[in-house]
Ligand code: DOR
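For reference, the chain that follows is the form predicted on its own, supplied as structure tokens.
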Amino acid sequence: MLVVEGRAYIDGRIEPRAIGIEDGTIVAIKKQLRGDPAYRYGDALILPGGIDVHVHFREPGMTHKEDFASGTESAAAGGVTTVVDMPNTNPPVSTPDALRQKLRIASRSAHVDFGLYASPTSGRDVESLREATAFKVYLAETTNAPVIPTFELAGGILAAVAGAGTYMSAHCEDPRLFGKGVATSLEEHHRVRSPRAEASAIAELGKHRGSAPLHIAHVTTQEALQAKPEGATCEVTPHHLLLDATAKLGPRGKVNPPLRSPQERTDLFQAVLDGRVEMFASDHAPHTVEEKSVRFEDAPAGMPGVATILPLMIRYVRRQVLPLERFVSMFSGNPAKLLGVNKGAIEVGRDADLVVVDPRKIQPVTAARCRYKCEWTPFDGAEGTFPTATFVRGELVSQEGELVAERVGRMITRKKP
């Protein structure tokens, strides 16, 4: 039996515990256990591994930006033990063949567990894509995304998903409400793709929801949250919580939906503290330095982030701004519930996905520490606390940011009701 010891977060409390693991599953939690090997982390925290339901690992078709091996290495370096990859690759995951191709790639490359989104073009496609972890629709143009042109068509996909035993994630912006002209700065981008357009898309999609599980990707404002249909879930990214349209990032800060005003960013953070947002997600969408080193209007939208959810947000836990319970539920517990997987908590019978972190250890965020293939991060130089160790189903995968086990990742499956 493998044993991991430290101050473990269990049932809402931090207690010195030894966690016994066999065949990738937690089999015992005691004050003391004997095991071989035994990893002892003293006063460091042991938390459930993170689950990021929104990443773009760019494979196939755009591997100069990222691939499954590099993306999952970054995930492990940031304490993320499960990722769900978006379908806007080349080709997009809109056919069974494309889904099978991506599954083959991920299965031979992933260093953490993974799920795969499919992008149906109509409700008729859902049945043939049932092997996907979940479904994604894009209601407005963004990088290489197959756009669903009407809310009625999106509603048809939602209706089909209702019987598929999973959920639909939606990129919600209403192009009918985009401003005129081409944005040449972060502040103009915020005005052109306005909060009103985001809230409108959420509200319109809600009219077609029916009984389907609906998840709203990357909400950016209180207005968007107010439009969220009852019973739907949503995610928030650290870049929308910590950066705004006044940031001196130029094209590197260009994302869809955009960075918002300082006040809207502050209000969004308060919504997290108030418990109105279910989970963190990175929307990790890397582009190369060269691709971002162009005029703002020519730059692709997206920034890397899979390795910085925990390092950035744990500092607010340390400062007693963000309760640890809220952080763990948003980083691990609620994403596990959305996916229906046996992860997200340190309990007997759960997958032994663990992240060890010492909040007292602070270091600057760098692209090298994040292991980013794109070689940049919008949070360069920010204060961060990176994991000491990351375990995927009991396998030590990353230690002090260095990969120590390779290709242990598996496709996730939903628990049977």
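Heads up: residue numbers just count along the shown sequence, starting at 1. Just so we're clear, the structure is a prediction, and the values are computed from it rather than from any experiment.
Not on display, but discussed next: the form predicted in complex with the ligand.
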query: Candidate spot 46, 82 and 343, all three touching the ligand in the model of the complex (heavy atom, 4.5 Å); finding: no
query: 4.5 Å heavy atom contact, residue 171 and the ligand in the model of the complex; finding: yes
query: Residue 138, heavy atom within 4.5 angstroms of the ligand in the model of the complex; finding: yes
query: Residue 143 within 4.5 Å of the ligand in the model of the complex, heavy atoms; finding: yes
query: Partner contact for residue 285 in the model of the complex: the ligand, 4.5 angstroms, heavy atom; finding: yes
query: Contacting member of 200, 256, 194, 334, with respect to the ligand in the model of the complex [4.5 Å, heavy atom]; finding: 256
query: 166, 88, 329, 109 - the one with a heavy atom within 4.5 Å of the ligand in the model of the complex; finding: 88
query: Stretch in contact, per heavy atom within 4.5 angstroms of the ligand in the model of the complex, of 372-380, 37-45, 352-360, 53-61; finding: 53-61
query: Within 365-387, the residues that have a heavy atom no more than 4.5 Å from the ligand in the model of the complex; finding: none
